[in-house]
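Only one chain is included here, represented as structure tokens and corresponding to the form predicted on its own.
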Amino acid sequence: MNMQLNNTKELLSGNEAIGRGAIEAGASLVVGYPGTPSTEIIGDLSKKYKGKAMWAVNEKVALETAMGVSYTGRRVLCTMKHVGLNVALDPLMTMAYLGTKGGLVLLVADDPGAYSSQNEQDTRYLSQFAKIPLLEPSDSQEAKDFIIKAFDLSEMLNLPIIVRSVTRISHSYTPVEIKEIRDENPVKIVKDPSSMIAVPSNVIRCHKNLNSKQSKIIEWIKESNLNIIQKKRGQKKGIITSGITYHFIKEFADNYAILKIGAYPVNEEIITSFIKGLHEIWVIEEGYPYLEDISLKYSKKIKGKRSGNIPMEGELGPEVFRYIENNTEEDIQFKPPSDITLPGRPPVMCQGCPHREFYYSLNSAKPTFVAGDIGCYTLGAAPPLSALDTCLCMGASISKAAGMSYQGVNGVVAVLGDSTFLHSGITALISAVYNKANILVAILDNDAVAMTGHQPTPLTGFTADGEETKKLSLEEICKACGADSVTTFSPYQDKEKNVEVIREKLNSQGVHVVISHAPCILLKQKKK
């Protein structure tokens, strides 16, 4: 929902601004995997982008696709959430060695507070691990601007560049200046096996080349003005901050000097310059104490997460500043304006959700153990269904169930969705079949990536921008993986027979698959 403010500005969410940045930078393709809080970038671009916006089956494939685009000399944006970067880390680490051609920007959206994620990891550490730059915007305007800067930097260094967003950046709206669109790069393919093939004879030289770029990165960051000191004469208190927390500080901390970090790796000279003469220094940052650990090398006056003055867990907000001012744990949360306490609203399955019906059948079959996975069906772990016993990461349900079966545990079920199966369940199924597991794999097929907004998959027959494409068969994929049997049923019909099928497969040797197929109830409403 962009709102026109005048001829040159629009009110955009951070995700919309990121997409606009890709458009203005002349990106030829945007590719990613849906994951909150990054999903809307491609969803929005698929409607207004003259280039191609597409969903890959997982983040690893998305980043590898982006690398292929870069090899043609063109610009490409790849999007994912923080845990998705774990999946894409394999190509990313070697990609930094080999280098890129056309600009390649990797947008990673972190989720402090774990609103829709299984952890709160901090992408800044992975950029340091890969030895590549990371830019961190603080609002929608910077989100757009930093994407454009990242493309330019990528082509200057021939490196992938990460732009880190967080939930409140991605989903908050601020005014954004709209500018002209840069022309796309021409297609230009140059073969260079010595720097494009990661074999032992090339790796050490490529690594040395990556290391030699570190000084260039630091020099660019020094000249970029993305790390800014705001300090008045006589100020004795200071705050080092980055991203969205900068705006919390600006709202409440007029009497504090501020160092705003927008680019990594951090030029540590700016930290030593900032803390000089300050009697009290706080570090306020979303995620882990990354900046605090650097700052602690230069001053013992640093306070923050590492010192125990600010909680290590959860998302930060304006209440953190009140905690700093009062320095008492009771004041860490703002008091509600009313004495009335609102009831808790934990996420639950939608009324009429087909997964509810499947779980009733599964519970009736009395499995020994149920390994769950990542998706809206994970909500089946909550009462009254209480149908899942574990949940780790995308595609892990099959591998965990197989691991239990290898120890002689019978009656184990792996539950995952259709999109999760395509994401990383296929390889797990092949491994389970190959290693002679005795498990039941239940794929809950609701015709979309429902948890993140009903994005299409290769099973739906159309792409991100609505074009018709080949529609793959879930049953045939499972058969090709070697499953001993594949049975599809509707969770709504003949429930007694569904229970019998599940119970029979639970008590059978081998790897058996049941597919519970019914469209998401919200998808049916959208189609109407």
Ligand SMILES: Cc1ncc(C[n+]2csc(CCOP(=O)(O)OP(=O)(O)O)c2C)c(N)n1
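The first residue of the shown sequence is 1; numbering continues from there. None of the values given here were measured: they were computed from a predicted structure.
In what follows, reference is made to the form predicted together with this ligand, a form of this protein that is not presented.
**Q** Report the residue, out of V176, A448, A263, A371, that has at least one non-hydrogen atom within 4.5 angstroms of this ligand in the model of the complex.
**A** That would be A448.
**Q** So which of T72, S172, T452, N363 reaches within 4.5 angstroms of this ligand in the model of the complex, heavy atom to heavy atom?
**A** Filtering the options by heavy-atom distance leaves T452.
**Q** Is every one of G21, P133 and L153 within 4.5 Å of this ligand in the model of the complex, counting heavy atoms?
**A** So, no: the whole triplet misses this ligand.
**Q** Have a look at 485-493, 472-480, 28-36, 44-52 and name the one stretch with heavy atoms inside 4.5 Å of this ligand in the model of the complex.
**A** Among the listed stretches, the partner-contacting one is 28-36.
**Q** Counting only non-hydrogen atoms and a 4.5 angstroms cut-off, does C376 reach this ligand in the model of the complex?
**A** Yes - in the model of the complex, heavy atoms of C376 and this ligand come within 4.5 Å of each other.
**Q** Would you please decide whether E142 lies within 4.5 angstroms of this ligand in the model of the complex, comparing each non-hydrogen atom pair?
**A** Contact with this ligand, no.
**Q** Could you tell me if G417 has a non-hydrogen atom within 4.5 Å of this ligand in the model of the complex?
**A** Flag for G417 set to yes.
**Q** Report whether the minimum heavy atom distance between K81 and this ligand in the model of the complex is within 4.5 Å.
**A** Answer yes; at least one heavy atom of K81 falls within 4.5 Å of this ligand in the model of the complex.
**Q** From first to last in sequence, which residues of 49-77 have any non-hydrogen atom within 4.5 angstroms of this ligand in the model of the complex?
**A** Heavy-atom contacts to this ligand in the model of the complex: only E59.
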